[in-house]
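Only one chain comes next, encoded as structure tokens, the form predicted alone.
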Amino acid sequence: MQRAAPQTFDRVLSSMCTEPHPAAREAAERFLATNPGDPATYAEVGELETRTVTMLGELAGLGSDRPNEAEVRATARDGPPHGYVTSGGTEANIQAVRSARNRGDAAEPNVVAPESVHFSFTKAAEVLGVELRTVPTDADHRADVDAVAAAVDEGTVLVVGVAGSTEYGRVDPIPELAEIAHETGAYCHVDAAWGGFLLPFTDHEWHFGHAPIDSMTIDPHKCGRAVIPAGGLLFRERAGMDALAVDTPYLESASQASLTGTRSGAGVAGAAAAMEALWPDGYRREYERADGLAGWFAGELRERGFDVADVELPIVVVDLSARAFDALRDRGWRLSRTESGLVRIVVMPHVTREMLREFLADLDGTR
């Protein structure tokens, strides 16, 4: 029987996943057989998860050393960061909705989010029996604050903002969304699953230190260079996690707040190892490299006469014909489209200038 081999990343331009850092790969292998879902039994990986959540909290503005470059407001919080390592952004977003629903008292709860929100919120609404109200984005693909304000009501339990949208890499006006949420008695969640490891090196206002947000999704297995699966869910207050907890009478641990029961110790260990190896200088260098590369690539496309969206975070969105798209796919390039049919190219750590030069050469050959 032929041994199966995974696909290489040398022509993958559509994915927000990437090659893990070597330290993450090695740590993940050591913890393959551990289950952080029962930290009383698997104490070592439980301690690693605490360290991981603490590091994520520092990166996202909950630590004593604020990771952003600009001066930010001090914020009060209830002890150390609260959260856990999820299987990814989908689980974290579902859990954020679940926590808000459980803490609210609405008979018919709803969640208000921009139309740019990740499709995991559609899943959350269906699974949890809440209404998802998506509202238009503005001309630059960010949440329209007026539309959000018009959509909330007494049944709103959660307002969602995106910090690094999956289609355009846009950052919503998070402080304004938090204000709308709290004025109506709702919670505010930020989905920074992809953008969270890039945004600390920008001037954007997106995290717990910039606004009184209540929860955040932030994924180490994307730009954090951890192994899959390793998402992240953070709460400002312990009550956010408490609202998720269920009794676990046959485990050594008395309760469990995660959505899945058994979880991957490999993901936890890999996330801890990657962050310890790369925060902050390694992540800063990667952000600066990706940002510069995305800007260069967008310029190359514009010089060829293509319509390219402004680059905010390193995602390049370009209008290519169906013929060019199909020809590039036939040549092995892994590409994806936005909902409106534009081609999106995500400049992840595995994407190099040489790789994009090859892409441009193949694109030139389709004309």
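Predicted, not measured: the structure shown is a model, and the values here were computed from it. The numbering used is simple: start at 1 and walk along the sequence shown.
What comes next is about the form predicted in complex with a small molecule, which is not displayed.
Residue T166 is the only one of N110, T137, T166, Q256 with a heavy atom lying within 4.5 Å of the small molecule in the model of the complex. Distance criterion of 4.5 Å from any heavy atom to the small molecule in the model of the complex singles out A193 from the list A211, V157, M275, A193. The closest non-hydrogen atom of G88 lies within 4.5 Å of the small molecule in the model of the complex. None of the heavy atoms of R225 is located within 4.5 Å of the small molecule in the model of the complex. Not displayed here, the small molecule is kept clear of R101 by more than 4.5 Å at the level of heavy atoms in the model of the complex. Using a 4.5 angstroms limit between non-hydrogen atoms, R133 is distant from the small molecule in the model of the complex. Figure note: of the listed segments 89-97, 146-154, 248-256, 284-292, the one touching the small molecule in the model of the complex, with heavy atoms no more than 4.5 Å away, is 89-97.
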